[in-house]
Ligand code: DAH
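We begin with a single chain expressed as structure tokens, specifically the form predicted on its own.
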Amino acid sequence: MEVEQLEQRLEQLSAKAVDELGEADQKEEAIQVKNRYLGRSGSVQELMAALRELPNEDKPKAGKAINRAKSTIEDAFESRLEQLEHQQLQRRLKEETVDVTLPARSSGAGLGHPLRQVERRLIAIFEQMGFQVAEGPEIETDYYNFEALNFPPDHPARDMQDTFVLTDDRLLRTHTSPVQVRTMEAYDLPIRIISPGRVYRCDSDLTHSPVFHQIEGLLVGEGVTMSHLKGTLTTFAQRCFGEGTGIRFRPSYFPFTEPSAEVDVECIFCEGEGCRVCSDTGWLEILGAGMVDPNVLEHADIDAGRYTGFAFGLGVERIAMLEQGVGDIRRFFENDQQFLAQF
């Protein structure tokens, strides 16, 4: 490829990127557009390989063209983010306008929903440990919800009896783990995030609900080991349930982690002696965890030979039920004011 052809190709790519950024309606969509062009395997990055084929006298000119294209895309990305933030602010100002001519209504002071109270406290614990909050869409694609997380095509979780399927490729996410894949695609390493949010499964009984809340955690970097996972979760358990709380790991299986473990804490009601709540075992299961499977890292274009990571996921309702002694998860969603007033 000659330098003139390279310059022309870069101008076309940057113009196309600017157009796509201008059509992005959400921040996440703008980030994905930017990564398609400037990411590790982006279109502009691929053209940089052509520098090696150019004569030495043409390389400075080609380098300036590449930098010019990068700057154009970066400037368009930042400008679009400012526009989206401004649009969001204008919508909020319009939607939250208060009619001051209406008569005032007196109402009793209320507190947050018990699930929100527990969720905020759990998020605060992880933020104190250096984790940042990441969010993602509740309507997901099969790729992010299953394929990129190493779920084989015949895995039971893909069955429509377990998953709310909207179209051939769209579904209500069954866990917040897709946020982990999106984060690994969008941001440079190391990564340390938690992703709280609503998830959906076709299940309903005393301990399961069609909609519930999870907090997933992810840490990826160089030299991350199972010891780091154990230390993180031990610290979390003691900050959540009290100093001295025991914790144990039991071997388990999850498609997206290897090795995998179920994590139990010493029963907070009987302090490990055995009671009705813990079925006389002295332990209560609170979450699942493990080392990120190399296949998941490869799906996000991360070198699994250089980087490792761990992931964990816990149910907010599970923690709330244990702490408050609630035996039926449906109580949280029935909007019973007498029940909610207890919290």
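Residue numbers here begin at 1 and follow the sequence given. These figures come from a predicted structure and were not determined experimentally.
Keep in mind that the form predicted together with the ligand is missing from the display, and what follows is about it.
This chain appears without its partner; in the predicted complex, the one residue of V296, A311, A69, V316 with a heavy atom within 4.5 Å of the ligand is A311. Only one of Y200, F131, Y144, F254 comes within 4.5 Å of the ligand in the predicted complex through a heavy atom, and that residue is F254. Here the chain stands by itself, but in the predicted complex one stretch of 188 to 196, 135 to 143, 171 to 179, 76 to 84, 171 to 179, has heavy atoms within 4.5 Å of the ligand. A residue is said to contact a partner when one of its heavy atoms sits within 4.5 Å of a partner heavy atom; Q214 meets this definition for the ligand in the predicted complex. The ligand in the predicted complex is approached by G288, whose closest heavy atom lies within 4.5 angstroms of it.
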